[in-house]
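Okay, here we've got a single chain as structure tokens, the form predicted on its own, with questions on binding and movement later.
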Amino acid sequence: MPDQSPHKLVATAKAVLLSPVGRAVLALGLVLLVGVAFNADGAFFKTGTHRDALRQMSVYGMLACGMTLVITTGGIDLAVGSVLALVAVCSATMAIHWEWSAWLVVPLSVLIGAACGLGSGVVTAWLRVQPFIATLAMMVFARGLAKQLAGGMKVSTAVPQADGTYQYVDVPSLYRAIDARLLGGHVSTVTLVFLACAAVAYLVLSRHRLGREFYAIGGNAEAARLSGVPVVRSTVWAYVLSGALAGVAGLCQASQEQQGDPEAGAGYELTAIAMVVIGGTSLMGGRGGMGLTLLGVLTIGYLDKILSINAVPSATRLMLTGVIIVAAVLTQKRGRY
């Protein structure tokens, strides 16, 4: 029939737009079109702009990877920004002030983040406290602990001495390595660290039994329990992994700033949630994936970069992030009907 092709095309386009991948790709495409239209006198077309955009979104992306694991179980992790700050302070103290080897600083930083995640997971899954409350408590606790350990100051290369003076030391080789650029200066090391974190999260979520248990718990926790899924243990693992990835993000944040700032990471959890949601992972749990989160990271990261090169104030960027979260949730809701 001659009039069937247009109907098929419309039906296919509608099916694509109603799918999570279609909506995520469309959102990224629209953001890139905005970048082309508002290119800041050609700045958007420069290689350095894209390199810096990928570098800037990498730390957020690491948090989003962990957030995806937690949200898949139907939970939320509001503590990742504060855990990032705590690990940044601890890693700076170990690497700068105590001059510990990278072989100690890296695993200990990840373990500190994982320990915070373990605390959130135990309170959430074992003590049956709402994830919002449990991770809110961890958010406040980790931020306070970071300030306590840092003495209310940034842990920098100016090391205080017993006589009240300061001795300036070199930036640790670990920090210089993480903050370096590779492949002729076109790729930042921190971007590769982010991709490694995304690969690990993908393998856990898509290729490991733990990932299947996350989806089952997020879909229906009681049904998962009756089916033999260890709901408590698996939920705790989701928060542990999220904390560990926040630990990696904290180490990278300290490396880029060359110091441990107890105020770092404030509000990062909102950006991480926005990246996961705009990608299409359901806040209700049970649906989503790392591929969608990567699209969300690129969308929010490029949107922030485009607003930055066009000198849009940070307050406006925050308001746009809030609007995007609501729009993404409404789109998800519409897509279910």
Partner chain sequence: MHRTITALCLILSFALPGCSGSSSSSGSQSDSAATGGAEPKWTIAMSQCNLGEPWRAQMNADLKRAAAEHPEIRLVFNNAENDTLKQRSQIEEFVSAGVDLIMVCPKEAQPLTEPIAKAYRSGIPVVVIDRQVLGDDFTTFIGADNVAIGREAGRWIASHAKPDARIVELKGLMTSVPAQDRHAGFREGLGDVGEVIFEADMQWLEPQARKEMDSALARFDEIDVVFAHNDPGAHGAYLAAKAAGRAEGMLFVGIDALSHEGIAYVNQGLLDATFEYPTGGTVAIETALKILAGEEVPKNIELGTSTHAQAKYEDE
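Keep in mind that this is a model prediction, so the values were computed, not measured. Residue numbers count along the first chain shown, from 1.
In what follows, reference is made to the form predicted in complex with the partner chain, a form of this protein that is not presented.
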item: Contact flag, Arg287 vs the partner chain in the model of the complex, heavy atom cut 4.5 Å; value: no
item: Interface membership of Ser314, the partner chain in the model of the complex, 4.5 Å heavy atom rule; value: yes
item: The partner chain contact at Leu283 in the model of the complex, heavy atom, 4.5 Å; value: no
item: Residue contact check: Leu108 to the partner chain in the model of the complex, 4.5 Å heavy atom; value: no
item: The partner chain in the model of the complex: contacting segment from 61-69, 28-36, 270-278, 297-305, heavy atom within 4.5 Å; value: 297-305
item: Contacting member of Val200, Ala115, Val169, Val122, with respect to the partner chain in the model of the complex [4.5 Å, heavy atom]; value: Val169
item: Sole residue of Leu192, Leu210, Met153, Val232 within 4.5 Å of the partner chain in the model of the complex, by heavy atom; value: Met153
item: Members of 36-66 lying within 4.5 angstroms of the partner chain, judged by heavy atom, in the model of the complex; value: Ala40, Asp41, Ala43, Lys46, Thr49, Asp52, Arg55, Gln56
